[in-house]
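Next up: just one chain, as structure tokens, the form predicted alone.
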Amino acid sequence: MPNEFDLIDHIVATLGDVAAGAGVALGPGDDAAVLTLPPGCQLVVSTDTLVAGRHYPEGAAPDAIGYRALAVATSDLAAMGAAAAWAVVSLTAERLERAWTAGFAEGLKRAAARFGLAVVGGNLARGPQSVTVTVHGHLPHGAAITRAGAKTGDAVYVTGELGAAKLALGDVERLRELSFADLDDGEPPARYWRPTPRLAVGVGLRGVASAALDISDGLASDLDHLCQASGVRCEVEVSKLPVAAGCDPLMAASGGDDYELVFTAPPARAEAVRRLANDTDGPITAIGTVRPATNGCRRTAWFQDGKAVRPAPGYRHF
């Protein structure tokens, strides 16, 4: 088995050009990266840890793991309206072989190139397999979109489709067997292993959205977080949800791992939302309305054809 430093050198060599980029004064190889923010910008930082057997199937292909790990972390930048800039990646495993590590680095490279990220550092450690990715983005001072700005009368929107990842998780054995090269665009396994952070949408929502967050644990759970932060209630019509083919709408509402955006915007911004959907070639669907919190209830009320329904809770970490 190669030693730690050989593996690090091999990872950096595999990353190639995506180990450098705009604002990278010093990338991998030293004790820390040195980065330069654009003038007038604030730094946006988020961290995600994916644990084998809990957040992805044990024994899965390394290139798929690498791509997915970077993609899901980057989705948080999109939700804040940030431009993606840099990432650091920590990999823990009981044993690492050169071929596995090269595949993992290749997945990182593909994702970084697609999302405009520079992978500027990281760490290797021995232990149960997990991947921790910290992403850094930037946006103009004061432009961040948070969960706390939704107002009564705002429309509730969601990007893309929901439920494909939930369908993929119905066949974990197949997910485990698929490498990056095996993934067919549009099929549920590809949507699971290769989610699309809505970075262009997030940037376009600056000054348009009143609140936003990404859908990681399921819309049914995540929209409640927005309600709680904003002190409002949302009403959603299940039949309006944009659902992947073959997925039941209620299942799509509770399924996690979509990494789409849910956001609110005032009625006066409806045309701006429509233009943004056209400009980014990504569907954006109005699914509900923000209402005042009644009797202290700050959560989502779900309806199907006018009747109250309750989707299953989304993913819970503990």
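Throughout, we count residues from 1 along the sequence that is shown. Bear in mind the structure is a predicted one, so any value in this text is a computation, not a measurement.
This protein has a second form, the form predicted in complex with another copy of the chain, left out of what is shown; the following refers to that one.
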{"query": "Every residue of 118, 186 and 258 near another copy of the chain in the model of the complex, heavy atom within 4.5 Å", "finding": "no"}
{"query": "Exercise: residue 54 in contact with another copy of the chain in the model of the complex, heavy atom 4.5 Å", "finding": "yes"}
{"query": "Interface membership of residue 90, another copy of the chain in the model of the complex, 4.5 Å heavy atom rule", "finding": "yes"}
{"query": "Any non-hydrogen atom of residue 176 within 4.5 angstroms of another copy of the chain in the model of the complex", "finding": "no"}
{"query": "Residue 292 within 4.5 Å of another copy of the chain in the model of the complex, heavy atoms", "finding": "no"}
{"query": "Per-stretch contact check against another copy of the chain in the model of the complex, the hit in 248 to 256, 22 to 30, 264 to 272, 283 to 291 (non-hydrogen atom, 4.5 angstroms)", "finding": "22 to 30"}
{"query": "Contact assignment for another copy of the chain in the model of the complex, among 190, 124, 169, 203, heavy atom within 4.5 Å", "finding": "124"}
{"query": "Sole residue of 111, 79, 162, 209 within 4.5 Å of another copy of the chain in the model of the complex, by heavy atom", "finding": "79"}
